[in-house]
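Presented as structure tokens, the chain that follows is alone, the form predicted on its own.
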Amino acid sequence: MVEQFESSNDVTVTLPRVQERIPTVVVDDAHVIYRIHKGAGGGGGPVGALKRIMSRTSAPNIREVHAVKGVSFTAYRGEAIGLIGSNGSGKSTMLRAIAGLLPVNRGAVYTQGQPSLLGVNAALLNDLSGERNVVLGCLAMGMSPDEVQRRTPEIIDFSGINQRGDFASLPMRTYSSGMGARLRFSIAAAKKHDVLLIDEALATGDKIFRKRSERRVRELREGAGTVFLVSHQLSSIRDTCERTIWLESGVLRMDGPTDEVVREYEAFSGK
């Protein structure tokens, strides 16, 4: 795209128009600290508290776990961003902070609209059928009843839960963990999101479902949304995300093009 400007000597000057990058998530020096109560004689729960009252022992010690340490980055509309790192590196904690489910102790997290953390907005109830959960999940995301009725069959088909029988009519408690995860992804991915946060959902199911899910993530990104993907499967990160953020021990180690970041991470972890 170009813009034209009239100069003072009546010469038209044509300049390229810089494509506007619209931020959707701004994480500014964010710190997330868990406080774990460890008390003598029964731990930090209600039973432990009752034992301390009866024995008149002191209050439990509080152990702090600094899960995210001064992380800063900006995500833009149309990006698919991978989050990688060792177990306990703060990836899932970061997603929950972006979703507003965890407060930051210092710094700030700013988001456009309400981010959707996969599996949270979809109201899945074990005693209800998969089909009924699709309906409730879509209504919870703001779809109209007519849209829900129209989209339900394609959501069930996308999830693949009916490949080995009519599981859509059975209660969710009869599903394997993989089937439940696929259904949650299928519900969440049926709607366009300003910010969609996915934690390990693409690791479930067979190769066909993973490829289908990766294509859907790309469609969501191209529809002007922002997608964050946490996965231990680096192949999913490579196939889905053009940018990757590497967290290690709660610290941002690297943020850049996926191939470069994954290569450095593999050298670090020996993968």
Partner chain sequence: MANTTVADPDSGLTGAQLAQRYGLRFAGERPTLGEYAGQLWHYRHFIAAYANAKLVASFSNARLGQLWQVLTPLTNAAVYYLIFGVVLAQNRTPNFIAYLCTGLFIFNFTQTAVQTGTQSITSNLGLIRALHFPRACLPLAVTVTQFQQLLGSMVVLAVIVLVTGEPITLAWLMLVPAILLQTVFNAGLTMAVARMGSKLADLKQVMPFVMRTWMYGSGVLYSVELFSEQLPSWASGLVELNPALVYIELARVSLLENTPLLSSSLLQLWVTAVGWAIVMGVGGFIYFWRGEQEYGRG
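Numbering follows the first chain given and starts at 1. Model, not experiment: these values are computed from the prediction.
What comes next is about the form predicted in complex with its partner chain, which does not appear here.
Undergrad: Looking at 151-159, 80-88, 100-108, 175-183, which stretch has residues with any non-hydrogen atom within 4.5 Å of its partner chain in the predicted complex?
TA: Result for this chain: 100-108.
Undergrad: Can you work out whether residue 252 and its partner chain are in contact in the predicted complex, taking contact to mean some heavy atom pair no more than 4.5 Å apart?
TA: Contact with its partner chain, yes.
Undergrad: So in the predicted complex, does any heavy atom of residue 74 sit within 4.5 Å of its partner chain?
TA: Although its partner chain is absent here, residue 74 would touch it in the predicted complex, with heavy atoms inside 4.5 Å.
Undergrad: Is residue 223 near its partner chain? Define near as a heavy atom within 4.5 Å, in the predicted complex.
TA: Answer no; every heavy atom of residue 223 is more than 4.5 Å from its partner chain in the predicted complex.
Undergrad: Answer for residue 112 alone: is it within 4.5 Å of its partner chain in the predicted complex, judged on heavy atom distances?
TA: Judged by the heavy-atom cut-off of 4.5 Å, residue 112 is in contact with its partner chain in the predicted complex.
Undergrad: Within 4.5 Å of its partner chain in the predicted complex, do we find a heavy atom from each of 69, 136 and 142?
TA: Result yes, every residue of the spot touches its partner chain.
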